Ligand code: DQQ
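Read the single chain below, which is given as structure tokens and is the form predicted on its own.
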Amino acid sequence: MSAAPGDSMLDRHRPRYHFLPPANWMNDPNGLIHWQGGYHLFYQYNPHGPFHGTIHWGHARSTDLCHWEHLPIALAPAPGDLDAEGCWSGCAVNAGGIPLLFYTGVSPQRQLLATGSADLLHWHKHPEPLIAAPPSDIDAGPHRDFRDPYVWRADDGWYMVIGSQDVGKGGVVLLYRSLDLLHWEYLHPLLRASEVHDFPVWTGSMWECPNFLPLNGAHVLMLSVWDQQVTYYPVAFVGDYAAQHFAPRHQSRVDWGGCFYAPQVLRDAEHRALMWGWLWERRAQAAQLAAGWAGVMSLPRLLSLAPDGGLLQTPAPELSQLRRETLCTEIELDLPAAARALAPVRGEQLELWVEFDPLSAAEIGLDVCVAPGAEEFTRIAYDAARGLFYVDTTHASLSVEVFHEVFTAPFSPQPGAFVQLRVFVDHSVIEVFVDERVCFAVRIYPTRPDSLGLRPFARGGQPRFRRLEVWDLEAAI
């Protein structure tokens, strides 16, 4: 089944400023690169329908991180090629002015290479696999799980990490080294699940989509946790790297919303670390097929580290270009005043900046996409008694074809400080940034065309909002 782009555009749940192709399936961001003044985004793509299969590499370009130009497919599986069963995830490298794509071919899983033209529109596949199989000292399972190369340059050569598993022992990230980008020497595991069992976030049975990068004087290993029990989420380890060995000191979930996966990081000309992730659907497959599209890219997030080693994420500053009209700007409000300020605000393409006193109520936050009679709404709030932040989508839609869920994350406000809450609403996508420390990306599918309102929420105490600011955002895709 292949949907026409025009049919997909009719879906009211289709985002308007988050990137996605005109129609059909997309998943992981791939090959992120800042090249000749532009940002290039490659991504896993099925041109034949809104379902996973016959995976190609889609391609888009932007000069401002907001508006994207769709470009021709970069990589396509072909009969007889090493990637005949699919061009799976990987990365892009600028090798002295020559663009290279490293990626995984499947059945069997092996690491492949393609060399690009100067405009990144034409790619020539290398005739041999760079790395044909996982090393013999790990048991990668019946499918020989061994995928998603990530490559970087160091003083003594090029390095690559690959995601895999060691059956019965958990996930593993494998480290390789090369002098010429063609011949790769296996060194050792950069990290094993057995080495991080004392960390608080469970790490599943398989690790995929690894990224490894220096950040603010430390190193970050980001990977995506996969498990046969359908556990999927990205994790970041922050620690020290020396002599080809990594010692993690801090571990955290990258996103707590249940649909953000396989993030990849791009270094731009200003040496900023920008991250995108795949946001998958949370509605039944039949609804995805009917819509003609599935999968969205997250907004670009700027990464940094907190003094305690925690990963900080903030919306890329360029996103302020999307602000079209200021719908609300108020300061120092109690709950009734906040409700009056937000009462006239409506929209499906919004940015919100809210600051509140986390100790002024037992629970305090905001409802978005609210129907006039509250038949549908999504709640974003802090629960002081339980010490957590949550996003509740159990009332987000009256449809039985969508998932109704509550997502929670442990959260401790900074002593004596107001909580800063930034929220982006884009039809079926909501992205939430809490003090830059906790992020949620969730999917909602309201059935009512009037589920457009906003309202403050609080329970108990004397709730205090220091700032309420809302902008209407333009469509960019």
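Don't overthink the numbering: it's just position in the shown sequence, from 1. Please read these numbers as outputs of a predicted model, since none were measured by experiment.
Keep in mind that the form predicted in complex with this ligand is missing from the display, and what follows is about it.
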One stretch from 339 to 347, 191 to 199, 87 to 95, 127 to 135 that, in the predicted bound form, holds residues within 4.5 Å of this ligand by heavy atom: 87 to 95
The single option of Trp278, Phe356, Phe389, Trp293 touching this ligand in the predicted bound form, heavy atom within 4.5 Å: Trp278
Heavy atom within 4.5 Å of this ligand in the predicted bound form - the one residue of Arg61, His52, Arg448, His34 that qualifies: His52
Any non-hydrogen atom of Asp28 within 4.5 angstroms of this ligand in the predicted bound form: yes
Heavy atom of Leu82 within 4.5 Å of this ligand in the predicted bound form: no
Tyr261 within 4.5 Å of this ligand in the predicted bound form, heavy atoms: yes
Exercise: Cys209 in contact with this ligand in the predicted bound form, heavy atom 4.5 Å: yes
Members of 180 to 197 lying within 4.5 angstroms of this ligand, judged by heavy atom, in the predicted bound form: none
